[in-house]
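First, one chain by itself: the form predicted on its own, in structure tokens.
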Amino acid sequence: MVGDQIINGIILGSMYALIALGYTLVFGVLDKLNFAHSEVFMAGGYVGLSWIALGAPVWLAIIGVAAVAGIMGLAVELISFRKFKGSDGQITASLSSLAVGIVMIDLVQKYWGSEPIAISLPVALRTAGFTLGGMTLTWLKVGILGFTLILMIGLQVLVQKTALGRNIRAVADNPASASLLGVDVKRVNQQTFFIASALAGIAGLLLTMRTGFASSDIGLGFGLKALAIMGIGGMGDLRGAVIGGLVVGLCEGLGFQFGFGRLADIMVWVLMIFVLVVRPAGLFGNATARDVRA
């Protein structure tokens, strides 16, 4: 039914948004693209699957995935971004992060294998639910959607209302001026990578719970779509990442409902082309600024 596909599209879009938020945070602060970000998302599904397989409750698996993914993000920052500065450093750092992402894929395949691995969730968790307005909603779907919305709102509050958020915005606006004002730019960069990667890892776990399996191939597809969503919403704009992700998810869900099949997967690219033709800086973007905006 259309209602079911709308819910599925919103859930999928919220996961796109979580990944796009990570891209947006790093780009807004460093003006660089972290191509390893999508592989942190992929690895999050495997790490969460392992925790759940060991009998850990879902809430503990989420905390564990956030911590592991955050540490992976710190490693990417150290290896690929910390030493590369200046205009030439933008390309070098991004290419370095691409290489790190490829290494991540290889390590995951060495440890878990190259074939998708199924996750075993309690039957009650997968099937229990209710009917609302003709739509069948499982508690798992409701929980995933609710949790992703909480994360997105929490990130908005963090960036706008906390000292860390003010530091992130200051570094994004002008790192040199922020340093003169006493902001530890290196620490802010590390904190940004940790937060962005933790969000990606959690998104990977939530997707694994929703689909029932983890795959080492999933990072590339989701990562490319998240980059397109960042372009749709506006480079460096958190609102754009959220709204763009939800719109793309809805378009894909409705596309499948109305018989477009796999053509629904290209809707993100059609939408990106249309938006960038009308507004080259994206829906909320500013062609002259790259700072993190919420």
Partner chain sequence: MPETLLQVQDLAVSYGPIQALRGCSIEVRPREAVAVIGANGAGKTTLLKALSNLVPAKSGQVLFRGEPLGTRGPHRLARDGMLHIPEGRGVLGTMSVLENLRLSYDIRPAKLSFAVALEEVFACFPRLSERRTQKAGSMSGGEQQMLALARALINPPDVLLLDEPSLGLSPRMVKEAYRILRMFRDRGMAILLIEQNVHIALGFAHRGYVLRQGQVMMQGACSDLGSDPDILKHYLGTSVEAA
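Everything numeric in this text was worked out from a predicted model, so none of it was measured. Positions refer to the first chain, counted from 1.
FYI, the form predicted together with the partner chain isn't displayed, but the following is about it.
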**Asked** Can you check whether Asp184 is within 4.5 Å of the partner chain in the predicted complex, heavy atom basis?
**Response** yes
**Message:** Please determine whether Leu180 contacts the partner chain in the predicted complex, using a 4.5 Å cut-off between heavy atoms.
**Reply:** yes
**Request:** Could you confirm whether Gln191 comes within 4.5 Å of the partner chain in the predicted complex, counting heavy atoms only?
**Result:** no
**Message:** I'd like to know whether Leu151 contacts the partner chain in the predicted complex, with contact meaning heavy atoms within 4.5 angstroms.
**Reply:** no
**Asked** Leu140, Ala93, Ile195, Ala170: which sits within 4.5 Å of the partner chain in the predicted complex by any heavy atom?
**Response** Ala170
**Request:** Name the residue from Ser120, Gln109, Thr131, Asn174 that puts a heavy atom within 4.5 Å of the partner chain in the predicted complex.
**Result:** Asn174
**Complete:** Of 161-169, 203-211, 217-225, 143-151, the segment with heavy atoms within 4.5 Å of the partner chain in the predicted complex is residues 161-169
